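One chain follows as structure tokens, the form predicted alone.
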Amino acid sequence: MIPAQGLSRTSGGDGASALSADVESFYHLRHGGHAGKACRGTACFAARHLDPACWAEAMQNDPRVYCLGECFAAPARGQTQPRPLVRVASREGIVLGRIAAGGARTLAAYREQGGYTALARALAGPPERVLAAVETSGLRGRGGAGFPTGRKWRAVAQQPPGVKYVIANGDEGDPGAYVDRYLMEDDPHCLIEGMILAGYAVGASKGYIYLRAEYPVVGTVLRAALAEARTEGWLGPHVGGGSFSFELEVYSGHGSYVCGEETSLLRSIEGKRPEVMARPPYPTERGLFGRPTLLNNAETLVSVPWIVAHGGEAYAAIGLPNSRGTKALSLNSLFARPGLYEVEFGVTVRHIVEELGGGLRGGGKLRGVLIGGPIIGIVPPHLIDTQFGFEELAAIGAGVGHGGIVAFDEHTSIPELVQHVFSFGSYESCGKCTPCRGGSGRVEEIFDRALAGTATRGDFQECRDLVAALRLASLCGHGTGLARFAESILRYYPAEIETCFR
């Protein structure tokens, strides 16, 4: 997608603000284009044989719908509100504990399970105490990059006093990942508490929850929870009855995968065309409206109240040396037991696939596993004994990502998978940089021909060159992620790819 020129929205405030026509043209779902439609995301693609009619409908949709957060029931249509299995498969239910116990949508339910006690304790001490706990915990960002959370918080806290912002990135757009949807939908006050703690730690007085358009129920739940928190004194000019001031609002996106990238997300809130921007400066120094901004994924922030309540050392005692704590995973419908699982870092991919997921439904043969979204490396069957950890998965060309676990069976060929991923990549490109804008679409075209049996060896070499350009010259993780995916395919499935080119 190459968006039209334009920079402004017609009014400030939340995501209901009217956008100027030229900015609005950037987005796919600006008029609620997902309502009642079938999804063509990666989890639905992998399960398309389970409901061919639904998949055929998805392929006809314009605009396309790429993830409804119902990957456990794929192929999915509309938002019929099915509920996933939720299981804590770790010593501590840090992020899924309340949801596994039935959820805590209301403030009363959250308080019954210890909610806001971490914040009350933090407000009785200096902000440094919260910062130190997060740093000691070893928590790393759950949005895909795995950047040390404490280091990012420290960078914002060290900026000169003044206007600062905290933003929760709830634009979990990786097809196959639905962790953040249920964290926000069934435990909204935990995210709110985590954001207030973040604001207190870094000296921010305003926050935004950036929410994807495909999660309308989440928006309703979050706004109700914010109203409750405000009424009970947890938001406003005197948080918890003290002198700290903090306000929060929900900003609804309009349908764009690339808005999950931090600089694009910031420009979206500002009402500008949400292209990816070059860095430095980083948002920690110059972010929303030019002010220092702390931007974390929703699951990252949901982990913070537990860390503050139990101590950074307790969190750091869980998991691997460089991957501390737990991670919520979302398994797609090809598993015998799809759903949400909270695991400790260090379990193997085999344990996730076979013990938690129960293997593939109907005794299907595993062809590969994508972890954390389609634009990341694939894990082939012979490497599923790899430990689930940031460095461990990176060593085989894969990654943790958002924690979406999409398995593929014999119904999907590797060339079909490549065509699907690059079709998604091309459609969702913001168009800012040439390798992604032109290269992803060109790879899609070549694999269209490969599947039709008309691609040549010259096409194959062109694909290799395009992938190298994506890796070396893309401005953000969208293009480099597509390159990682393609390189892992060439590394682990060379024969299946080369036979498509004459």
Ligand SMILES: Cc1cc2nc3c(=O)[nH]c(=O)nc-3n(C[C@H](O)[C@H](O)[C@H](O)COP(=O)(O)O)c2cc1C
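Everything quoted here is computed from the prediction, not taken from an experiment. Don't overthink the numbering: it's just position in the shown sequence, from 1.
The form predicted together with the named molecule is left out here; the points below concern that form.
- Among residues of the shown chain, Tyr257 is one whose heavy atoms approach the named molecule to within 4.5 Å in the predicted complex.
- Not displayed here, the named molecule is kept clear of Ala455 by more than 4.5 Å at the level of heavy atoms in the predicted complex.
- Although the partner is absent here, Gly173 sits close enough that one of its heavy atoms falls within 4.5 Å of the named molecule in the predicted complex.
- At the 4.5 Å threshold, heavy atoms of Ser330 stay clear of the named molecule in the predicted complex, well away from it.
- The stretch among 288-296, 241-249, 195-203, 117-125 whose residues place heavy atoms within 4.5 Å of the named molecule in the predicted complex is 288-296.
- With the partner omitted from this view, the residue of Gly141, Gly271, Gly138, Gly368 that lies near the named molecule in the predicted complex is Gly141 [heavy atom within 4.5 Å].
- None of Cys463, Ala58, Cys476, Ala469 but one reaches within 4.5 angstroms of the named molecule in the predicted complex through a heavy atom, and that residue is Cys476.
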